Ligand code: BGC
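Heads up, the chain below is alone and in the form predicted alone; it's given as structure tokens.
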């Protein structure tokens, strides 16, 4: 992703097109939720047209990344229940444990799930879940993270190489503006088991290579753990030197928070060392407004989650999504997977109001607590 700044309206509109054309607190345990509430016919054309109900499993990977419980799960459940009031949602969060996710998937299948929406802890080992589902003719949607080496039915995510390019370009441009175009930087990547992390790394490394940015130290962060990212940054500060580091590439907002905590502990001012992120977490947007984190990548999760719910409902009813809904194909090592790919957006202090707040992802009231009120006012957010 390069540092073009697309309007969030285009992302939302793209998501809206997906829906029209197609017709994260910690939760450590599996749960089943059903809805019997009626929905106005105008908002529920699929249900009104006589679609059948059934059980659909939503299997998410972890809760350290705040988006899954605060955004993905509620948006998926709300959309699916509007489409199918009588459908049952079998929900599980694997807490970054691939074996636990395998057990949760097995339980969902045993419990009668007719579609699996699976965001894998481990992109490769999740192939066994797909294989078992296929033996029982259960379609699988690879959600957000690509499952590799297995014949999944659909993949829905963002252009993840573009995410890395956006992060790399934003940081490179900031280094140039600050007078240190070559860095050096510390690079804190995501979990090595997550295929998306590989794509973020691919996109960002390509930009840094093109721009001639020196990577002094680079780490892959198990489990996307902020604590591990903090430890990695502490090691980097010791190895590179407190006065040498000019910037930090952090693959998401959780790892950015860990890196920033390490800088503060070492007596470094994070406002002078630009740090990237991803996911537009509440704490990260507040850090951006306060100047402690330079940027994040905003991915409009509501369109992604709602599109996944629509795909799941269509598969439950034996429908093939419209060819214009599926806007690409992705090679997962087993074949070309029909894909719905949405576009991410780079966010800095300058466009928080015009993206995050305007889109309602976080409200001014949520962002502008007493600690950040002055920063919000400076950014024109009230």
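Values in this document were obtained by computation on a predicted structure and should not be read as measured data. Residue numbers count along the first chain shown, from 1.
Beyond what is shown, the protein has a form predicted in complex with the ligand; the following relates to that form.
message = Partner absent here, but in the predicted bound form, which of 65-73, 336-344, 51-59, 310-318 has residues with a heavy atom within 4.5 Å of the ligand?
response = Contact-bearing stretch, as computed: 65-73.
key: Heavy atom within 4.5 Å of the ligand in the predicted bound form - the one residue of 306, 165, 122, 279 that qualifies   = Here the answer is residue option 279.
request  = Select from the listed residues 275, 142, 204, 252 the one whose heavy atoms reach within 4.5 Å of the ligand in the predicted bound form.
outcome  = Only one listed residue qualifies here, and that residue is 252.
inquiry  = Counting only non-hydrogen atoms and a 4.5 Å threshold, tell me whether 294, 298 and 348 all contact the ligand in the predicted bound form.
reply    = None of them does, since no heavy atom lies within 4.5 Å of the partner.
task = State yes or no: in the predicted bound form, is some non-hydrogen atom of residue 154 no more than 4.5 angstroms from a non-hydrogen atom of the ligand?
result = It does not: once the ligand is placed as it appears in the predicted bound form, residue 154 has no heavy atom within 4.5 Å of it.
message = Under a 4.5 Å heavy atom criterion, is residue 208 part of the interface with the ligand in the predicted bound form?
response = Residue 208 lies outside the contact set for the ligand.
Contact test in the predicted bound form: residue 196 vs the ligand, heavy atoms, 4.5 Å = Result yes; residue 196 sits at the interface with the ligand in the predicted bound form.
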